[in-house]
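Form predicted on its own, single chain, as structure tokens, below.
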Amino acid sequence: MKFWRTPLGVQRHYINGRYGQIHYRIAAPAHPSAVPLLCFHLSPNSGRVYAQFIAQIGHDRIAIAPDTPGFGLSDAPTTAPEISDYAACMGEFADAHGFTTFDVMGYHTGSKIALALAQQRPAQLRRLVLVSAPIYTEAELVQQYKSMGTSEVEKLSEDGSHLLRLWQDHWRWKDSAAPASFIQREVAEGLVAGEQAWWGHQAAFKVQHALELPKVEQPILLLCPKDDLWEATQRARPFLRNGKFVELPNYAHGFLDVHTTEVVDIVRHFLDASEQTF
């Protein structure tokens, strides 16, 4: 049941945003002693993917995982946003919480939102943790658009075969320690976004890490689990100006749930380290 339940120490709330209400999960200690952390999820998904993670890393800092607009329980925009729009919305979300300085963590699509926000809010955003940062070849990018970035991928079949396809796609890249109930959750999260589930991917494919990573001056921790973006993320190493690349060959989708303590230790070490270590 842990793949569905909100962990102890995590609460759920709503706040108003530019596209309507934003739903978010938050772990907030009584006396925070570290910089707040905002966590942006992959597409199509929700902040639920971070629930176990923020429950642990939120022991000494405010840790928040919002559902980006149109995903999870957050209201959807009326037209497809760009990554810069998602980032601006998350910047306003940080302002609404009174954060003058904060760190971010972004997973797949969330990593591009994080990079955009770092450029929009250079004086506020201190450090970034990215889960995958693919550098695509032209052929790979074309295939990504065809398989995930168009409305065609959300067409429903009368016999429900589209559900089997979603299940099999998720199963292929799951962490070996993640059970079937994790896949059930991930398929369900994607279905919640409905006919606009592809908007996040479309926005992400318009932004290329090869161009955006070198623009970011803040320290970056780039985590590379062995999921569907493993090979493409390996190409990101030379594009890090001020960062650390960490391979996670034994982790895949679901790792934030089944290897939570280990990942929290890696991220905490990076966020709490002195600047001289970068």
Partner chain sequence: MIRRAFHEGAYGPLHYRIVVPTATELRPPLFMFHMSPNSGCIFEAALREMGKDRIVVAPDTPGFGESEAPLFPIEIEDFANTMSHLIDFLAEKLNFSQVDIMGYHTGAMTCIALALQRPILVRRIVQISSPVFTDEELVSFRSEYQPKEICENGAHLRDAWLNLLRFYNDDVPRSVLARNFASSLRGGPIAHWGHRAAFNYDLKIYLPKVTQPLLIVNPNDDLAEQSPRALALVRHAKIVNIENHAHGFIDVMPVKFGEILRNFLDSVP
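Residue numbers count along the first chain shown, from 1. Since the structure is predicted, the reported quantities are computational estimates derived from the model, not experimental observations.
This protein has a second form, the form predicted in complex with the partner chain, left out of what is shown; the following refers to that one.
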Non-hydrogen atom within 4.5 angstroms of the partner chain in the predicted bound form for each of S33, N242 and V267 = no
Exercise: G160 in contact with the partner chain in the predicted bound form, heavy atom 4.5 Å | yes
Should S84 be counted as a contact of the partner chain in the predicted bound form, where contact means heavy atoms within 4.5 Å?
-> no
4.5 angstroms heavy atom contact with the partner chain in the predicted bound form for W171 = yes
Taking heavy atoms and a 4.5 Å cut-off, does D175 contact the partner chain in the predicted bound form?
-> no
In the predicted bound form, which of the listed residues (A80, L141, A96, V192) lies with a heavy atom within 4.5 Å of the partner chain?
-> V192
Option from 97 to 105, 181 to 189, 133 to 141, 200 to 208 whose residues, in the predicted bound form, bring a heavy atom within 4.5 Å of the partner chain = 181 to 189
Are there residues in 7 to 28 with a heavy atom within 4.5 Å of the partner chain in the predicted bound form, and which are they, in order?
-> R12, H13, Y14, N16, Q21, H23, R25
